[in-house]
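Heads up, the chain shows up twice below as structure tokens, two forms, tagged structure 1 and structure 2.
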Structure 1
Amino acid sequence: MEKYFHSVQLDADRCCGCTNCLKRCPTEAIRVHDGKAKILSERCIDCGECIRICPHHAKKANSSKLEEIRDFEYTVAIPAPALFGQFNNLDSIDVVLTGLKRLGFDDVFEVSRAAELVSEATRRLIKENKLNKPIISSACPAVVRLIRIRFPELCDNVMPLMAPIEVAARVAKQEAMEKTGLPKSKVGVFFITPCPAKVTEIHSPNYTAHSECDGAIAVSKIYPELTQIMDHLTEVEPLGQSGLMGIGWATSGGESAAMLGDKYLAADGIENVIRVLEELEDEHIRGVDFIELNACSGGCVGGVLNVENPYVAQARIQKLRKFLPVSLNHLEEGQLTQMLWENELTYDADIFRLDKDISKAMEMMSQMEDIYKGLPHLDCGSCGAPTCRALAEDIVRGKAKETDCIFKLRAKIQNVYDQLKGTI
């Protein structure tokens, strides 16, 4: 097995080797070689930007198939709140939840319920002064992964609580086991996911050895069938158990609002997230206790596996929240401890550094600076690296050569031609 599992994959047949994804990737994890894109596994954070941008649909996200639920005797769907924003003229989330049951699940448990628990737990930890401020939300796995590979000093600021999806999976599984008397292995919990980052998180979690989520099915995968079913429901079950606070997590700012304080900041969109992390690292952001970061524009409604425009989804969610009570889920005695991380978040120092040995790394960087000076500084991407600087780095790492730059190649050919001409 590869060291890093990724939901985001390349469909080589569709890839025509253009530079769209190359230029868009926030961690410079893509190279184009021999006319095909390649994802550098160790650098990919599964944010899905390349899926969003690829005009040939050559980037895809692997997620579970609905049929997989047949492997279990009893199944629970745990939908992300973003799902509720995907439907036109929806009056109540009960319609969606009932639809999920008709789709084949035995029960449903909204992730927004767990979000309310996470919000309460965070408020409590802040009040008890147990966290390093400013606290960075741990809800978006693409952001957490980004911090692990690029922001060593910020690892200790990430909130040490499991994300709502993991909490939901655990509570839902426990409840199902108690209700049915079945052993854990026969109960399947499936997340309905707006993004590839969550799929990856389930397979290789950042802060626990093993996720209790047994699979993640893309919103877009079940959407056609689910809407059909929803259109023909004869009876709607009163299944919804989350308040407006939990549902609010679907959009950027929702998690912050649930902190019930005013010293927070919410940034969305991966480029903005990176800017905030840089400034946090340099301590330019002061007077803020809580920082919510979502890799997708608009928050999880902007996830690439949704079907609806994020802003439309956001407006619908606002409407759905309007008549809900504030919060319907509260921590039970001892529950908070179970929501704490099992593993500490560690910095993955190897990803971006040139070499373990600093002197060797310095030598490589000196070469890199020299090579870079000789490149045309156009960042055109024709060489297959996103920038001239990235090509210089690839060259010193032994993964590319100077003549991958078409300008260098042209100069070399000209040179050879001139020499030949001289000899005739």
Structure 2
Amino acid sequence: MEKYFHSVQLDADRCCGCTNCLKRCPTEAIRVHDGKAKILSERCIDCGECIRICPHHAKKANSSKLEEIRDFEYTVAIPAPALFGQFNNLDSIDVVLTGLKRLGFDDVFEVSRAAELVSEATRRLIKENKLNKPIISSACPAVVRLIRIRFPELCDNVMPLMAPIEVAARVAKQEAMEKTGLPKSKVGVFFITPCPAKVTEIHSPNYTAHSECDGAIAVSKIYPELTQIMDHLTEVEPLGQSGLMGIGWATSGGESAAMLGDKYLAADGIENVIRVLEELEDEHIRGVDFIELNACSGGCVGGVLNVENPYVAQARIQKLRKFLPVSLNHLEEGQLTQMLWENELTYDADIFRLDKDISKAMEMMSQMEDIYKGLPHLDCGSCGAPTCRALAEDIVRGKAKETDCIFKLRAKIQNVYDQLKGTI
């Protein structure tokens, strides 16, 4: 069994070894050797940037199929609020929710409902003043995994609350069990996901041993059929139970706005997220209580498994929120405690450890620095590694050689040529 589960997969037949993906990967999880890209499983955070940037469609995200809901006697769809921004001329989320029921689900439970609960829980925890500030949102699983890999010193700053997906899955499953009398094993809860990181989070959660979500279906997979159903609805059920606060989580800044304060910061897009985390690590960011970070540009509406332009979807979300109440969901007694993480967020030291033997690892580190000094420091990617330092590490690990660098290879060829010329 693989130690790391990943939604993002490589289609080697489509890959042309163009190096576009390795230059954009935020954790240097991609190498290109023998004309094909390779994803380093231990470093991938499933942000989907490689899917977004690949011109040959060689990267894809695996997700559940709609047919899998037939494995359960009773199924509940938990749509991400980003789903509501995918449809034109939508004046009520009830149309989408009714469409999901006609698609084959027995019931729906908006993730935006759970988002309102998480927002209230966050406000309470901030008010208690017991957490390390600034507090970093734990809602984006790609960001949480990025922190675990590249910014381990910030693990203690991550909000120890389950993401709205997990809260929605747990509440929805409990309500379904009470409503039907069925055991948990016969109730299926499926998330309608805008991004691959959330698929991975369901199969390999950061904060709990097991997710109550039974699968994640990509928005792009169900969009055509759902759109057709919505276009032919003759009756719309009043199913929506979310306010503008929960729906707002679909876009960057929506979660921060729900804090009802002004000491917050919101950033979206993986490069901007990394810049904020670097400044936070260097203690350059002060006077902020809460930081919302979204790996996708525009927030969840920018997920690679959506179908609509993120900025168009963002405008549609703002229109939908206009006439909604502020919030329709509030914490019940004891619910906050149930939403806290079951596992502590920790740094996986094995990812970058050169060797289990400390003395040997130090020796390899010294070799790596010597090799790096001899490289051109251009970070061109022609060698198949994203940076010269990454190439030096690969050489020390025995996964590459110095002549993979075209400048080193050219110098070696020139040297051989000069020697041969002198013998003629």
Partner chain sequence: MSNAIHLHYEVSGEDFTRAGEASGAVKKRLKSLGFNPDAIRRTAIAMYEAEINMVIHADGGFCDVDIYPDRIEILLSDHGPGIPDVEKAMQEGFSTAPDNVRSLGFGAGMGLPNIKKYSDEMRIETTIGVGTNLYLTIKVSG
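All residue numbers here refer to structure 1's sequence, counted from 1. The structure displayed is predicted, hence computed values, not measured ones. Only the largest set of C-alpha atoms that superpose within 1.5 Å between the two forms is called the rigid core.
Structure 2 derives from the form predicted on its own, whereas structure 1 comes from the other one. Core-superposed comparison between the two structures: the CA of residue 357 exceeds or equals a 2 Å shift. Core-superposed comparison between the two structures: CA of residue 401 displaced by less than 2 Å.
Superposition of the core reveals a Cα shift of less than 2 Å for residue 9 between the two structures.
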